[in-house]
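Just the one chain here, laid out as structure tokens, in the form predicted alone.
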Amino acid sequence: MATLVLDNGAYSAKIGFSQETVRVIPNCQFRSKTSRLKTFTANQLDEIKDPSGLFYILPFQKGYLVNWDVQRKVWDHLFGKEMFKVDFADTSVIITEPCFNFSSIQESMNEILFEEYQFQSVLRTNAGSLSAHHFFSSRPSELCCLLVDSGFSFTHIIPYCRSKKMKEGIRRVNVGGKLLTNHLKEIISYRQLHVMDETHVINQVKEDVCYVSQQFFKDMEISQMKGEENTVVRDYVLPDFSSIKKGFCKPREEMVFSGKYKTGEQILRLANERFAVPEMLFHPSDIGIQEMGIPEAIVHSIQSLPEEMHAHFFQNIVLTGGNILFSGFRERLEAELRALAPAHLPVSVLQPPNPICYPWEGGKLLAHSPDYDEIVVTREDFEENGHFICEEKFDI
């Protein structure tokens, strides 16, 4: 019996059989400007010759799975003969969903997995629970951990004690990668170049040049200096999709500080945008989102839990999700938490080597655990008892 682990994120699906390695695939469909009529699904993105003005069709809105037609197409592609060649009758699936998912979405998911695809058995869980399983199995001596999952739609903070999640301590900050990319698009469109249609390109810019500042106001001053003194400014060469397939950062020594470039490339000059965009994870109020930043939300979450656990949580803060890959994120978060936490408690923030696939690897471990068969719902169970059995078995 094979087990397929699918961490079904709003931006990318992390998928693979539990005996194999993981693949990260865009969880959406695309239309390109040039071939309007053709829709590309998931990793067919690579086939698009000219990805400028890519139009995204996302199955998720605001973090919840609402567009089932798109999700079905993506799943058909992933499970089909081009990709994983899933034999449904002999496959168990571990699939993730967000915290506090709506029951109507859960019921649709049950029906699609059991009735349309006819999987042998299903385990529906949170990505956080898989990460916690990964953490506790790698460190069996620890009792508690606090997971910070900063993804595409929002950032969840979830405390776990002995692998059980503590619902009263869950916090959500409505800032994720999508908001950062959109904000960067707006800033660049306002200051330099109209890029509101270029989500794909600007997302790449964000990943290549943005970083988390350790001293925001100091970096702000540096970014306003002229010429060589400005160590923050970078020139980003935009792709033209004929000779330059992928945008890149110009090396410091090739930068021209006064006047124009002689070469014909299109250049974006980025200064304070580089750190002002990821800053929104720490201070959403900067752009009028009236919420706590991640460090405050973590402290708020820990303080809502029993006091004897506080020390354990502050020592085991685990970072997962794509936004963790901004350079300087971990250091900044640790520094801010150190300032907010009580002085007698040590603070330690752990960043796994691959924060995006950390939950998937947890799912892989779970699939091989001895009591796996007891926590899944089989197709016979579902046909006999319906949605009720899923509600009872899955801790969501």
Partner chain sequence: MVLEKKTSARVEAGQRRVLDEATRQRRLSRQLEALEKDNFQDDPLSSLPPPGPTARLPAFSETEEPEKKRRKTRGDHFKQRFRKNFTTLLEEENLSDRAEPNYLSAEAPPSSLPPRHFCCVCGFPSHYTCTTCGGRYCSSKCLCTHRETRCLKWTL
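Nothing here was measured: the structure is a model prediction, and the numbers come from that model. Positions refer to the first chain, counted from 1.
The protein also exists as the form predicted in complex with its partner chain; that form is not presented, and the subsequent description refers to it.
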| item | value |
| --- | --- |
| Single option in I170, C161, M255, A311 placed near its partner chain in the predicted complex, where near means a heavy atom within 4.5 Å | I170 |
| Single option in V209, L179, L325, I267 placed near its partner chain in the predicted complex, where near means a heavy atom within 4.5 Å | L179 |
| Proximity to its partner chain in the predicted complex (heavy atom, within 4.5 Å), stretch among 213-221, 124-132, 244-252, 140-148 | 213-221 |
| Touches its partner chain in the predicted complex: K260 (any heavy atom, 4.5 Å) | no |
| Distance check, H368 to its partner chain in the predicted complex, heavy atom within 4.5 Å | no |
| 4.5 Å heavy atom contact, S108 and its partner chain in the predicted complex | yes |
| D50 within 4.5 Å of its partner chain in the predicted complex, heavy atoms | no |
| Triplet G80, H283 and Q290 all within 4.5 Å of its partner chain in the predicted complex via a heavy atom | yes |
| Contacts with its partner chain in the predicted complex - residues in 246-284 whose heavy atoms fall within 4.5 Å | N272, E279, H283 |
